[in-house]
Structures are given as structure tokens and as C-alpha cells.
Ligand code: SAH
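Next comes just one chain, in C-alpha cells: the form predicted alone.
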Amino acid sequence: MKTLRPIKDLSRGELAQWLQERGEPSYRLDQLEGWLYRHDVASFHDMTNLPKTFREVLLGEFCLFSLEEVAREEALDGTTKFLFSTLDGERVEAVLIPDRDRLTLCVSTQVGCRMGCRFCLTGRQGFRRNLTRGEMLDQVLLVRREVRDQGRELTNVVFMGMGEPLDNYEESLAALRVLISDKGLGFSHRKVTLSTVGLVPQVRRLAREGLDLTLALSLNATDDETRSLLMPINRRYSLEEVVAALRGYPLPPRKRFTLEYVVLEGVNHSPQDARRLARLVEGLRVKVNLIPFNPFPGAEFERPSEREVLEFQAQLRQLGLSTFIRQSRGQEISAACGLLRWRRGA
């Protein structure tokens, strides 16, 4: 039996070449990509302005989706965690987060993760493989179809689910380009965020790409000793090197870097931490997102009290840092990243 290729794993250039080899007219590329990325079709049969014979060719060559939903959990606040199965039987999560007038999808870029951050369940599960561009895009497309059926629309996409996007650089960037392309999903660059632990060479490479999106740094500590304890990658790229890479990044006007800061009880939220953080990013346009730790089975750390998080926020604001608390969502479901996958035995 012939193995079908996931069609969204092909770049625009590769798809154009495939069409040319079959003698299709040049306009067929825009028609096909329109169906793939802008219309919520469930089958090649639904691509009604394509000739029937051509749709039969597509059916014989490609699969339309590289993921299949196998489970979901929905919280009282509307947060929904989706578990998808890949064609080779791996499991990957995406999380839909409603917030006032926004509807954000958190997308995974790897099955597991190589970074090994001690506060992250995905990191403790180890690394299986990179996701393809098509598998990342299908997370967005499958969830978008779901929310459109409910009369809603996705507004934001964040690459901060399972995995480190810049450790899967080529595929992540390919997916991001389709997300913000007018020929692709057409998201505004202001609505797309990539989060990284701070892989310095890749951050510098990203700075040269000319890709206008929001960059978030998973910081989580203000001194190298603590950050190396929490995040092994800091032993390779120190805080000084990571922040230097941000200083060399061409930040567009009116944009800020986002600093993601998981607050761990008794570990990283002292007044000294606040002062060190202010000194570390002095002169950079940043906002700080404080994230109270989401416990998971076997976690080494505890969640701080609301009072402690508010006090740390106040200290940072007094030092001139725009600081927000990311409210925990979906606490009654598998809230920690990777937890639904873990509970399902993947």
C-alpha cells in the first residue's frame, strides 16, 4: 500500500514544482493553498473548484491532515487541552485559551523536549522527535475549524507548548511563515509569539530572518547559579549571553520582548531577584509575565502563594518593569504542559 505524504509538509516551492511536473496551470497553486490554509475543509473532495480528476490525484498522493484528535479536556473557564496523535503514533498537545476578546492557541513544536527544565513536565518526559511544519500547522487548522463551528475565531497563536521551537529551527520557521503569510493562514505578526529558553545562536539567526513576530524568553531566574539549576541550557548560554542576544535583536518600534518567569515557592522571587532582573534588562523594552508554578505529579517545586506573587510583581513595578501575572487556567484539567499526554501513557 502506498504511503501518503502529508501535503502541508511541502513548501510553497515544492508544491509548485509538483504541480508543474503534472502539467497543472500556475494558478492551481493559489487555488490549492487557499483550500489548505484559508478554508476549513475536511477532505480533498471538499475542494470544489478543483477538477475532480485532480482531486483524485491528490487523494492518491497526499493525506490532508497529519494529526488526529484522540482526547480533549475542557475546564470551567473554557480552557481546552487537545491531545493529537501523529501518523507514526506519537502524541502531542495544543491548548486553547480564551481571555476576554482573545482566543489564543498554544502550539507544540516537538514531541517531548531536549532542554530538561526541572519545573517542566514535558522536559522530564524526554525527547522523542521534532514535529514537522505540517504537524504544527495542523494543530492550528484543526482547532480553528472547531472554534469556527462555534461561531468564534482564533486571534493569537503562541509557539510555547511542548518542545523548544528554536531547537526545531527550520520546521518552526517554515510553519511561522505560513501562519503570517497572506497566502497562508494570514495571522497578523502582532498576534504570533515564539517562546525560547534562549538558544543564543538560533536567536541571532532569527534576528536576521526579517520575521516580524513577538519573541518571548523563558527566563525564570536572575542569576546563573539558580538558572543553571532550573534550566540546564544556562550552562551553555549564560544569562549575560542570552540578554546580549536580545540586545542585538532588531526589535520593531512599539514592540517589546516578553520575559516569561515561572515563580517557584522560595526559589526565585526575593527582593534581590527583583533588583537583579531590573539591572539585567536595563535599557531593553520588555514586559514580564509572572507565571505561578503549575504543580504536576513528582514535581520538585511548589506553587507560591498569591500574596508572594503579588509582592514580587509590586517589587518589579517599583523598579520600572511592566509586570503582569498570567492567571493559571484550567486548573481542574491537565493544566501542566505535557500532563494530558503523560496521563494517557504517551
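Only a predicted model underlies this, so the values are computations on that prediction, with no experimental measurement involved. Quick note: we count residues from 1 along the sequence shown, nothing fancier.
Note that the form predicted together with S-adenosyl-L-homocysteine isn't included here; everything after this is about it.
The stretch from 133 to 141, 254 to 262, 81 to 89, 174 to 182 that comes within 4.5 Å of S-adenosyl-L-homocysteine in the predicted bound form, counting heavy atoms only, is 254 to 262. For the candidate set Asn234, Asn168, Asn268, Thr196, a heavy atom within 4.5 Å of S-adenosyl-L-homocysteine in the predicted bound form is found for exactly one residue, namely Thr196. Phe293 is the sole member of Phe293, Trp35, Phe62, Phe54 with a non-hydrogen atom within 4.5 Å of S-adenosyl-L-homocysteine in the predicted bound form.
When contacts are judged by a 4.5 Å heavy atom cut-off, Ser218 counts as touching S-adenosyl-L-homocysteine in the predicted bound form.
Contact between Cys120 and S-adenosyl-L-homocysteine in the predicted bound form is found at the 4.5 Å heavy atom cutoff. Mapping the unseen interface onto this chain, Val111 falls outside it, with no heavy atom inside 4.5 Å of S-adenosyl-L-homocysteine in the predicted bound form. Taking the partner from elsewhere, Met160 is found to have a heavy atom lying within 4.5 Å of S-adenosyl-L-homocysteine in the predicted bound form.
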